[in-house]
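The data below hold one chain only, encoded as C-alpha cells and taken in the form predicted on its own.
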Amino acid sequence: MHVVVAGPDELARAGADALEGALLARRDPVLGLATGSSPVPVYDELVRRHREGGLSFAGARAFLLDEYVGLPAEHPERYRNVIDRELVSHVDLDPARVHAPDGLARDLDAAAARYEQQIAAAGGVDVQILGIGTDGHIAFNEPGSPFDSRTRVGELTEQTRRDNARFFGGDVEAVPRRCLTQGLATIMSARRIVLLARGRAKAEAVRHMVEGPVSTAWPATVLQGHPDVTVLLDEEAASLLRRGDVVPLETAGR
C-alpha cells in the first residue's frame, strides 16, 4: 500500500494520472468510479485534460460503486446522475457504457447479481477510485460487511446517513436507508485501486485502514491485502498516521 500526503492539486493530479494511465494503456479500459466529495477534484482534472489535451474516454466502460435504493430516476443525488454531472457530461464517455446498480429494480437481489455479472463480463475493473467513510466503509460496505461479499443489497448505518445528509439539504430523513453496493470481494478484484481521503473527519478511518489490524469492524482494512493500492491523503486526513508508510508523490504509481 502506497500512502501519499500532498496538497489538493497534487492529489487531484495523482488520481487523474491513474485513470489516464488506464485510458492510454488499453483500447477498452474499464474504470471504477466513486461518488462523494473526495473524487470530485480528480474528475475536474480529467475534464480539464480532455478539454485542453484531448484525453479521450471514447473506448472506455465505467462501473459505479453503489447506488441508493428508491431515489427517483431524476433525483439529483442518485449516483448515476451525480457521475453524469461531475464527469460523463463533460467528456466523450458514452453514457450507454456507464453502468450503475439499479436502485429502482423490483427485485433488488436479482439486480445485484446482474450487476456483478456485468462487471465480470467486462473483464473486471482496471482502476477503481474509492473514497472512505468516517466509519471505514468503502462503497457502502458498512462495518461488519464480510470480506468475501459481492454486489448486494445493504443497509446504511445512522452514521453514514448523518454524514451524507449534507447532500440532502442537511435532512438525515431524506437519506435513503438502503443501497445496492459492490461487495468487498468485488472491489478487491480490481487490478489497481486508488483511494482518496480529505479532511480531519476521515483521519481515524485512515489510521485504521493503513496501520490497524485487518478487521470487518473497519471494512477498508481489507485493502491491506491488495497488491496495488495507492492512498492519496491531505494533511488533515493523514494527521493520525505515523509517517513511516508515506512515500513521495512521484513514486506513488510505481
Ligand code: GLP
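A residue's number is simply how far along the shown sequence it sits, counting from 1. Keep in mind it's a predicted model, so treat the numbers as computed, not measured.
What comes next is about the form predicted in complex with this ligand, which is not displayed.
Contact label in the predicted bound form: residue 160 to this ligand, heavy atom within 4.5 Å: Residue 160: yes, in contact with this ligand in the predicted bound form.
Partner proximity in the predicted bound form: residue 164 to this ligand, non-hydrogen atom cutoff 4.5 Å: It does: once this ligand is placed as it appears in the predicted bound form, residue 164 has a heavy atom within 4.5 Å of it.
Proximity of residue 186 to this ligand in the predicted bound form, heavy atoms at 4.5 Å: Residue-level check for residue 186: no, no contact with this ligand.
4.5 Å heavy atom contact, residue 45 and this ligand in the predicted bound form: Looking in the predicted bound form, residue contacts with this ligand do not include residue 45, since no heavy atom lies within 4.5 Å.
Which of 95-103, 81-89, 135-143, 110-118 lines the interface with this ligand in the predicted bound form (heavy atom within 4.5 Å): Contact-bearing stretch, as computed: 135-143.
Partner-contacting position among 37, 215, 224, 56 - heavy atom within 4.5 Å of this ligand in the predicted bound form: Exactly one listed residue reaches within 4.5 Å, namely 37.
Contacts with this ligand in the predicted bound form, stretch 53-71 (heavy atom within 4.5 Å): Going through 53-71 in order - heavy atoms within 4.5 Å of this ligand in the predicted bound form - the hits are 65, 66.
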